[in-house]
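Look below for two forms of one protein chain, each set out as structure tokens: first structure 1, then structure 2.
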Structure 1
């Protein structure tokens, strides 16, 4: 009876969160999938009836390089964010209380400014007349006619900057619970500092690594502002095409089909991994 009451209480406590997810994620996601099977209206809306024509349109081979670019830019962003966030989370977790608060404040302080303002700031820095470009030219690290804007490197740089806090925070949460005495034990057994970091600390924060990788990769997949503002004409990502279909072409079914396909591409692997982990836990028990 007591266990039943605890279960009911947990359901009641979870009810607001479930209602929020249902209202603002599940229902909109269903609407996106449903809209993909409706014809486009000449007025920019959704017409009556049902059709599979939109699914045929998104099989256009012209989308293949865009999908590939979206995947590799998102994967590279995830890799660089994790590579930078791991030592930062390690240092923050080992810092004293006062220093830790200041470091965490520095991590979250970009969120206090508008996202577009931060991108405009990077655009100004990378502009041919911008301070970063001019400084690198004056130090003879770049040729006189160097252009840092409007190519894939600029997109990757700004995406790493914007996504880095999403990697640091879950890794810090995992590192804070890590027993740093294990590193001292590894050092006592003869491991070098880098070996102890790679073979003891990194496996110890594995769950934080997975959370950080998922957050950064998923957020990067849907980016369209950064490629549009600092990328070139050949740096469009799938998010850019979805925005063009919505705002320029006014073709909501086509945009919904692209968004639904991207959503399935993210959700299905996560679902398979979750089921696989659950089966593994059952077999281990």
Structure 2
């Protein structure tokens, strides 16, 4: 009797968020795949009937270098974010209560301030007449007329900048639970500090490291605003192409096919990680 009542109240209370996510998250995601098989109409919508033509179109070899660039820029962004976030998380987790709260706040504030504004800030910093370029030129670290903007390096820099908090926060959450006594033990046993960091701390926060890496990598895969605003003409990523297909060519099925491909590329690795972590948890338990 009681279990039955609990069952129905569980359904009733779960219904609002389940229905919302079903209607506005699951169904739309499925519709992306459906749209890829529909013909385009000239108003940017979808025509009647079904077609395989779009799938033929996206097998265009011109997409290969773009996919390759998307993957390596995302991988490089992930690498640099983790490299910066690891010592950061290590330091925050060991800091005193007050300093820790300050550092966390300082990490969160840029993360919460407007995304476009942060890109704009870099755009004006890297601008040929901007302070960074001017300073570097006057220090003779850069040749006269050097251009920092509209460059693959600028894309990478700004990507690392905007994604860094996504790496720091999960790593910090893992580092907070890490037993720092293990580091002292390692050093008592003769490990050098860097050795102790690499062989004890890094494996100790492995779970946080994985979620940070997945988070940054996946978010980077979908970027299009950054390459559009600070990159050059040859720095397009897959996201740029999707946005172009929707807003310039007004070809929704083509954009959907690309987005569907990206969605598979995002979901499959996460599924693998989730299954792997579940197995790990069962073994650990």
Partner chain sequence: MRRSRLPALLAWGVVLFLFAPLVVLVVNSFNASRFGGTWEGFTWGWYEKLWAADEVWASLWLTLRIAVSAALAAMVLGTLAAYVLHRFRSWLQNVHQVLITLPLVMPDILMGMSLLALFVLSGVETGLLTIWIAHVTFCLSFVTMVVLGRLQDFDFTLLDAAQDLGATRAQAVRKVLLPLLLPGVLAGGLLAFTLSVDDYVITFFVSGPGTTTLPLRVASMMRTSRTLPVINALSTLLIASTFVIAAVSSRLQRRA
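Positions refer to the first chain, counted from 1. Just so you know, these numbers come straight off a predicted model, no measurement behind them. Each form is matched to the other, and the largest set of C-alpha atoms that superpose within 1.5 Å is called the rigid core.
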*Determine, for this pair of isolated chain forms, which one is the form predicted on its own.*
1
_Aligning on the core only, does the CA of residue 264 end up 2 angstroms or more away between the two structures?_
no
*Let me know the CA shift of residue 275 between the two structures in Å, rounded to one decimal, core fitted.*
3.8
